[in-house]
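So this first bit is one chain, no partners, the form predicted on its own, shown in C-alpha coordinates.
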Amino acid sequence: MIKTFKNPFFSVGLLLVSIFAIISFFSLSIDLNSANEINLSNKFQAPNLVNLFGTDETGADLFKKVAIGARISLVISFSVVFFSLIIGLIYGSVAGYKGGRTDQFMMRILDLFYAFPGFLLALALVSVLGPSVKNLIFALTLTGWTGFARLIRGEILYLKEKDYIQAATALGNSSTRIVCRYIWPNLFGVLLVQCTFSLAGTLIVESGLSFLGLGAPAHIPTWGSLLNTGRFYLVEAYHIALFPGLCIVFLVLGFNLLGDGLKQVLDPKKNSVV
(Lines give C-alpha, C1' and ligand atoms only; values in the text may rest on other atoms or scores of the structure.)
Protein backbone atom coordinates (compact mmCIF):
# COMPACT_ATOMS: atom_id res chain seq x y z
CA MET A 1 0.00 0.00 0.00
CA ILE A 2 2.82 2.44 0.90
CA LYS A 3 4.53 1.59 -2.37
CA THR A 4 1.32 2.43 -4.22
CA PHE A 5 0.99 5.91 -2.69
CA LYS A 6 4.66 6.64 -3.39
CA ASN A 7 3.96 6.26 -7.10
CA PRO A 8 3.53 9.82 -8.48
CA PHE A 9 1.08 8.79 -11.20
CA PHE A 10 -1.16 7.02 -8.71
CA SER A 11 -1.01 9.88 -6.19
CA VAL A 12 -1.85 12.62 -8.71
CA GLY A 13 -4.56 10.50 -10.32
CA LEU A 14 -6.13 9.66 -6.97
CA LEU A 15 -6.06 13.34 -6.00
CA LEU A 16 -7.85 14.42 -9.19
CA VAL A 17 -10.48 11.70 -8.94
CA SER A 18 -11.02 12.46 -5.25
CA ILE A 19 -11.62 16.14 -5.98
CA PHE A 20 -14.37 15.32 -8.46
CA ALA A 21 -15.81 12.71 -6.09
CA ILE A 22 -16.07 15.40 -3.39
CA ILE A 23 -17.68 17.83 -5.84
CA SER A 24 -20.20 15.20 -6.92
CA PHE A 25 -21.00 14.46 -3.26
CA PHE A 26 -21.51 18.17 -2.67
CA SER A 27 -23.93 18.27 -5.61
CA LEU A 28 -26.34 16.02 -3.69
CA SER A 29 -27.31 19.11 -1.68
CA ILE A 30 -28.02 21.14 -4.83
CA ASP A 31 -31.62 21.28 -5.93
CA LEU A 32 -32.00 20.75 -9.67
CA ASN A 33 -34.58 23.54 -9.90
CA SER A 34 -32.25 26.02 -8.23
CA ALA A 35 -29.44 25.01 -10.60
CA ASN A 36 -31.73 25.72 -13.58
CA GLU A 37 -33.20 28.91 -12.09
CA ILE A 38 -33.48 31.62 -14.74
CA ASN A 39 -32.29 35.14 -13.95
CA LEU A 40 -31.70 36.97 -17.21
CA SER A 41 -30.46 40.09 -15.45
CA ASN A 42 -27.52 38.03 -14.18
CA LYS A 43 -26.57 36.19 -17.37
CA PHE A 44 -23.02 35.91 -18.70
CA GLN A 45 -21.45 36.92 -15.38
CA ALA A 46 -17.72 36.22 -15.27
CA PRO A 47 -16.37 33.99 -12.47
CA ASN A 48 -16.57 35.80 -9.13
CA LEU A 49 -16.76 35.11 -5.40
CA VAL A 50 -20.52 34.59 -5.52
CA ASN A 51 -20.60 32.50 -8.69
CA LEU A 52 -17.29 30.64 -8.77
CA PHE A 53 -17.65 29.58 -12.39
CA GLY A 54 -19.78 32.55 -13.44
CA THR A 55 -23.28 32.28 -14.90
CA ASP A 56 -24.61 30.93 -18.18
CA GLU A 57 -26.96 32.37 -20.82
CA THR A 58 -29.96 32.04 -18.49
CA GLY A 59 -28.24 33.59 -15.47
CA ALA A 60 -27.99 30.24 -13.66
CA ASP A 61 -24.97 29.46 -11.47
CA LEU A 62 -22.58 27.48 -13.67
CA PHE A 63 -20.79 25.88 -10.71
CA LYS A 64 -24.01 24.19 -9.59
CA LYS A 65 -24.53 22.77 -13.07
CA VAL A 66 -20.92 21.58 -13.32
CA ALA A 67 -21.20 19.92 -9.89
CA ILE A 68 -24.38 18.09 -10.91
CA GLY A 69 -22.67 17.14 -14.16
CA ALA A 70 -19.79 15.62 -12.17
CA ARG A 71 -22.24 13.40 -10.28
CA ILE A 72 -24.02 12.33 -13.46
CA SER A 73 -20.74 11.54 -15.23
CA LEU A 74 -19.36 9.52 -12.32
CA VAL A 75 -22.61 7.60 -11.83
CA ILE A 76 -22.80 6.71 -15.51
CA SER A 77 -19.10 5.84 -15.80
CA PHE A 78 -18.97 3.62 -12.71
CA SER A 79 -22.29 1.94 -13.57
CA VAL A 80 -21.16 1.15 -17.11
CA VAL A 81 -17.79 -0.19 -15.99
CA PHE A 82 -19.39 -2.28 -13.23
CA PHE A 83 -21.93 -3.96 -15.53
CA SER A 84 -19.34 -4.34 -18.30
CA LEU A 85 -16.97 -6.01 -15.84
CA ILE A 86 -19.61 -8.49 -14.65
CA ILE A 87 -20.67 -9.43 -18.19
CA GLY A 88 -17.09 -9.60 -19.46
CA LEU A 89 -15.95 -11.63 -16.46
CA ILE A 90 -18.60 -14.30 -16.99
CA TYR A 91 -18.33 -14.37 -20.77
CA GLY A 92 -14.53 -14.33 -20.88
CA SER A 93 -14.27 -16.96 -18.13
CA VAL A 94 -16.52 -19.41 -19.96
CA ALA A 95 -14.73 -18.87 -23.28
CA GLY A 96 -11.23 -19.06 -21.83
CA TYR A 97 -11.73 -22.01 -19.50
CA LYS A 98 -13.85 -24.16 -21.81
CA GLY A 99 -11.66 -23.55 -24.85
CA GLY A 100 -12.07 -25.52 -28.05
CA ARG A 101 -15.20 -25.00 -30.13
CA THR A 102 -16.96 -23.16 -27.32
CA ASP A 103 -14.16 -20.59 -27.25
CA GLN A 104 -14.14 -20.24 -31.04
CA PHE A 105 -17.91 -19.76 -31.22
CA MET A 106 -17.96 -17.19 -28.41
CA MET A 107 -15.04 -15.28 -29.93
CA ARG A 108 -16.84 -15.03 -33.27
CA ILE A 109 -19.79 -13.46 -31.48
CA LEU A 110 -17.36 -11.06 -29.84
CA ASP A 111 -15.93 -10.23 -33.25
CA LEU A 112 -19.40 -9.16 -34.39
CA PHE A 113 -19.46 -6.51 -31.67
CA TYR A 114 -15.96 -5.40 -32.61
CA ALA A 115 -17.07 -5.00 -36.22
CA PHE A 116 -19.12 -1.96 -35.19
CA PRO A 117 -17.37 1.16 -33.87
CA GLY A 118 -18.34 1.44 -30.20
CA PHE A 119 -19.28 5.12 -30.29
CA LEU A 120 -21.45 4.75 -33.38
CA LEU A 121 -23.21 1.68 -31.97
CA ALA A 122 -23.93 3.52 -28.71
CA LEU A 123 -25.08 6.54 -30.73
CA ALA A 124 -27.52 4.41 -32.71
CA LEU A 125 -28.88 2.68 -29.61
CA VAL A 126 -29.48 5.90 -27.69
CA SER A 127 -31.07 7.47 -30.78
CA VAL A 128 -33.57 4.60 -30.92
CA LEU A 129 -34.18 4.28 -27.17
CA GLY A 130 -34.27 8.00 -26.44
CA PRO A 131 -32.12 10.20 -24.21
CA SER A 132 -32.08 9.08 -20.57
CA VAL A 133 -29.47 8.04 -18.02
CA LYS A 134 -30.69 4.42 -17.97
CA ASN A 135 -30.65 4.12 -21.76
CA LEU A 136 -27.20 5.67 -21.89
CA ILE A 137 -25.87 3.18 -19.32
CA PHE A 138 -27.45 0.30 -21.27
CA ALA A 139 -25.99 1.45 -24.60
CA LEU A 140 -22.49 2.01 -23.22
CA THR A 141 -22.52 -1.31 -21.37
CA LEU A 142 -23.54 -3.13 -24.55
CA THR A 143 -20.45 -1.74 -26.27
CA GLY A 144 -18.07 -1.76 -23.26
CA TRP A 145 -18.11 -5.36 -22.02
CA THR A 146 -16.21 -6.71 -25.04
CA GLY A 147 -12.87 -5.31 -23.91
CA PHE A 148 -13.19 -6.97 -20.52
CA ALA A 149 -14.27 -10.28 -22.07
CA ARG A 150 -11.29 -10.43 -24.44
CA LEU A 151 -8.82 -9.48 -21.71
CA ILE A 152 -10.21 -12.01 -19.22
CA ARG A 153 -10.31 -14.77 -21.82
CA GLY A 154 -6.65 -14.21 -22.64
CA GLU A 155 -5.61 -14.17 -18.98
CA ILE A 156 -7.51 -17.39 -18.25
CA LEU A 157 -5.95 -19.16 -21.24
CA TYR A 158 -2.60 -18.33 -19.64
CA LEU A 159 -3.53 -19.14 -16.03
CA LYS A 160 -5.29 -22.46 -16.63
CA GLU A 161 -2.00 -24.00 -17.79
CA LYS A 162 -0.40 -23.29 -14.42
CA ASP A 163 0.60 -26.28 -12.27
CA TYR A 164 -1.70 -25.39 -9.38
CA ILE A 165 -4.70 -25.25 -11.73
CA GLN A 166 -3.75 -28.63 -13.16
CA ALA A 167 -3.41 -29.99 -9.62
CA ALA A 168 -6.81 -28.58 -8.61
CA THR A 169 -8.36 -30.23 -11.67
CA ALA A 170 -6.70 -33.56 -10.88
CA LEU A 171 -8.08 -33.42 -7.33
CA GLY A 172 -11.59 -33.35 -8.75
CA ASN A 173 -12.54 -29.71 -8.17
CA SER A 174 -15.43 -28.51 -10.31
CA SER A 175 -14.85 -26.01 -13.09
CA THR A 176 -16.85 -23.38 -11.24
CA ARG A 177 -14.78 -23.80 -8.07
CA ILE A 178 -11.50 -23.69 -9.97
CA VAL A 179 -12.47 -20.50 -11.79
CA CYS A 180 -13.91 -18.74 -8.73
CA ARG A 181 -11.39 -19.94 -6.15
CA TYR A 182 -8.11 -20.18 -8.04
CA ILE A 183 -8.37 -18.10 -11.23
CA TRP A 184 -10.46 -15.02 -10.48
CA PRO A 185 -8.28 -13.86 -7.54
CA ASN A 186 -5.31 -13.74 -9.94
CA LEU A 187 -7.23 -11.38 -12.22
CA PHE A 188 -7.68 -8.69 -9.58
CA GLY A 189 -4.66 -6.58 -10.54
CA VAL A 190 -5.17 -6.59 -14.29
CA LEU A 191 -8.91 -5.95 -13.95
CA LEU A 192 -8.35 -3.04 -11.56
CA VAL A 193 -6.05 -1.40 -14.10
CA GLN A 194 -8.49 -2.10 -16.93
CA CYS A 195 -11.36 -0.58 -14.94
CA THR A 196 -9.55 2.75 -14.46
CA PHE A 197 -8.80 3.04 -18.17
CA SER A 198 -12.36 2.03 -19.02
CA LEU A 199 -13.70 4.75 -16.73
CA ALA A 200 -11.75 7.33 -18.73
CA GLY A 201 -12.98 5.96 -22.06
CA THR A 202 -16.58 5.77 -20.86
CA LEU A 203 -16.45 9.37 -19.65
CA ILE A 204 -15.29 10.55 -23.07
CA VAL A 205 -18.04 8.65 -24.89
CA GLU A 206 -20.70 9.82 -22.42
CA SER A 207 -19.59 13.43 -22.84
CA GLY A 208 -19.63 13.05 -26.61
CA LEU A 209 -23.17 11.67 -26.63
CA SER A 210 -24.32 14.39 -24.23
CA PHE A 211 -22.70 16.98 -26.49
CA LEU A 212 -24.88 15.65 -29.33
CA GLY A 213 -28.00 15.81 -27.15
CA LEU A 214 -28.23 12.04 -26.66
CA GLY A 215 -27.17 11.78 -23.04
CA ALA A 216 -29.27 12.66 -20.02
CA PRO A 217 -32.59 14.52 -20.52
CA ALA A 218 -32.25 18.19 -21.45
CA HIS A 219 -33.22 19.51 -17.99
CA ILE A 220 -30.32 17.62 -16.35
CA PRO A 221 -27.02 19.50 -16.81
CA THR A 222 -24.11 17.37 -17.98
CA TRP A 223 -20.62 18.35 -19.00
CA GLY A 224 -21.26 17.44 -22.62
CA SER A 225 -24.47 19.46 -22.86
CA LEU A 226 -22.84 22.44 -21.12
CA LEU A 227 -19.95 22.25 -23.56
CA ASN A 228 -22.41 22.18 -26.45
CA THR A 229 -24.21 25.26 -25.12
CA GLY A 230 -20.98 27.10 -24.42
CA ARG A 231 -19.73 26.84 -27.98
CA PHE A 232 -22.33 29.41 -29.04
CA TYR A 233 -21.00 31.99 -26.56
CA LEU A 234 -17.24 31.60 -26.85
CA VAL A 235 -16.73 35.32 -27.47
CA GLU A 236 -18.94 36.92 -24.83
CA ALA A 237 -18.84 34.12 -22.22
CA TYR A 238 -16.02 31.68 -22.84
CA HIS A 239 -16.29 30.33 -19.27
CA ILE A 240 -19.51 28.44 -20.12
CA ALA A 241 -17.50 26.03 -22.28
CA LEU A 242 -14.18 26.39 -20.46
CA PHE A 243 -15.05 24.89 -17.08
CA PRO A 244 -16.98 21.81 -18.30
CA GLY A 245 -14.21 21.18 -20.82
CA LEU A 246 -11.52 21.42 -18.14
CA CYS A 247 -13.50 19.06 -15.91
CA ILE A 248 -13.62 16.44 -18.66
CA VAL A 249 -9.89 16.83 -19.31
CA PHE A 250 -8.82 16.59 -15.67
CA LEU A 251 -11.11 13.71 -14.73
CA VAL A 252 -10.02 11.68 -17.77
CA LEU A 253 -6.41 12.56 -16.91
CA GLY A 254 -7.02 11.45 -13.32
CA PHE A 255 -8.38 8.05 -14.34
CA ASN A 256 -5.53 7.50 -16.80
CA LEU A 257 -2.85 8.48 -14.28
CA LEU A 258 -4.51 6.24 -11.72
CA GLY A 259 -4.40 3.37 -14.20
CA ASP A 260 -0.77 4.03 -15.10
CA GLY A 261 0.20 4.10 -11.43
CA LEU A 262 -1.63 0.88 -10.65
CA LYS A 263 -0.12 -0.76 -13.72
CA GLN A 264 3.38 0.04 -12.48
CA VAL A 265 2.70 -1.17 -8.95
CA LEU A 266 0.46 -4.18 -9.58
CA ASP A 267 2.09 -6.86 -11.68
CA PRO A 268 -0.44 -9.71 -11.87
CA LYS A 269 2.22 -12.07 -13.23
CA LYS A 270 4.34 -11.61 -10.10
CA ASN A 271 1.58 -11.15 -7.54
CA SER A 272 -0.51 -14.20 -8.39
CA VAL A 273 -2.68 -15.77 -5.70
CA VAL A 274 -1.95 -19.48 -5.28
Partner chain sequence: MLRLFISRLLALIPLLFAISTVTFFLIHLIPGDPVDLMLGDYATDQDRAELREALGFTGSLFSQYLSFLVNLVKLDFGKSIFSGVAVSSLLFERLPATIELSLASIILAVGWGIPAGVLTASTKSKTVDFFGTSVGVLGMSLPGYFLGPILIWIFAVLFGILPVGERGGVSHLILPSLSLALPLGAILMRMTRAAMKEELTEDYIKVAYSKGITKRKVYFKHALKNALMPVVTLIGLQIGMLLTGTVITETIFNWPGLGTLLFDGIQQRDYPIVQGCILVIATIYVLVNFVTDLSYSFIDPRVKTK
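What you see is a predicted model, and the numbers here were worked out from it, not measured in a lab. Residue numbers count along the first chain shown, from 1.
Another form exists, predicted in complex with the partner chain; not displayed. Remarks below refer to it.
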| property | result |
| --- | --- |
| Partner contact for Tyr164 in the predicted bound form: the partner chain, 4.5 angstroms, heavy atom | no |
| Distance check, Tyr238 to the partner chain in the predicted bound form, heavy atom within 4.5 Å | yes |
| Exercise: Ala21 in contact with the partner chain in the predicted bound form, heavy atom 4.5 Å | no |
| Exercise: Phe116 in contact with the partner chain in the predicted bound form, heavy atom 4.5 Å | yes |
| Contact residue in the predicted bound form, from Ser127, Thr102, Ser79, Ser132 (heavy atom within 4.5 Å of the partner chain) | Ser127 |
| Option touching the partner chain, based on a heavy atom within 4.5 Å in the predicted bound form, out of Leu28, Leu234, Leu40, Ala218 | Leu234 |
| Answer range among 116-124, 169-177, 82-90, 186-194 for contact with the partner chain, defined in the predicted bound form as heavy atoms within 4.5 Å | 116-124 |
| Contact check for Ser207, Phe211 and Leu227 against the partner chain in the predicted bound form, heavy atom at 4.5 Å | yes |
| Sequence-ordered list of residues in 233-257 near the partner chain in the predicted bound form, where near means a heavy atom within 4.5 Å | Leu234, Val235, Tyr238, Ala241, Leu242, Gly245, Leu246, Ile248, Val249, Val252, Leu253, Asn256, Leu257 |
